[in-house]
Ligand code: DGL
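Consider the single chain below, provided in structure tokens and representing the form predicted alone.
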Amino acid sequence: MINQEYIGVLDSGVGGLSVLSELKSQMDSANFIYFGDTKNMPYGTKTTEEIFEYTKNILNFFLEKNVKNVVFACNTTSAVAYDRLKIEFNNKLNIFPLIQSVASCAIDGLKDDDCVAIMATKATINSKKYEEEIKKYNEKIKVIGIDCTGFVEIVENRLYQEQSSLDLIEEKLKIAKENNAKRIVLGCTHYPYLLDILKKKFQQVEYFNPAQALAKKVKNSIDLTKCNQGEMEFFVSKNPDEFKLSAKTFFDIKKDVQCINLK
């Protein structure tokens, strides 16, 4: 589209569609390009250098597509790659990292010494980025990280009713219960797909989905008049049909999903 900008949204797979859904609800007329790196999914088990290179390639692809603003709808990328990518793409792209954008909202209403549990990928937990960002707003909040390796695969492969999946979710929630968590942050954009199961297994806690807070920040920070024709495009690096099928919980993709191989 001539003279029209896109907002780029990236994730390792379908998880970021939970963010795109919220972005779309708050900015219905905006133009979006979504990229799900299904070939390299899950990011949470990859090295920092691998995640950096995967994301760098996606950002270069976005530049070719006239993207000016990029939403990291991926906690892992925000945790381990954002600081370097911000420098590398300075003056080229305006990047909204998920964790850094929502940390203050994640503890709204909590009191000193309350416990907030971060359920996230191994890479995000090991980075301690959520704890670092939350402590900027309240040093007395207790932050615990729960490595939920395996949750992404449950979502991507739609294994919601498998007993092994339910057992894994129960095991991770037990950690939050034992620490008397007041709130659980869904620290991976795949995890809202599991919210119904999580609530059934642990009702006495608040669940925080960062998508709404992130979308609000994006909406308030960019000039929507430059990207206001309501166009949407979807790209993946592998298995477009599987992606479209797995996406249905959060986003019914009407258009074809294009598969491209980034270097």
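From 1 onward, residues are counted along the sequence shown. Owing to the predicted nature of the structure, the values given are computational and were not obtained by experimental measurement.
Just so you know, the form predicted in complex with this ligand exists too; it's not on screen, but the next bit is about it.
Remark: of stretches 69-77, 82-90, 165-173, 107-115, the one touching this ligand in the predicted complex is 69-77 (heavy atom within 4.5 Å). Residue V152 is the only one of A103, I125, V152, I184 with a heavy atom lying within 4.5 Å of this ligand in the predicted complex. Taking non-hydrogen atoms only, Y43 approaches this ligand to within 4.5 angstroms in the predicted complex. When contacts are judged by a 4.5 Å heavy atom cut-off, H190 counts as touching this ligand in the predicted complex. Taking this ligand as it sits in the predicted complex, the stretch 84-122 comes within 4.5 angstroms of it through a non-hydrogen atom at just one residue, T121.
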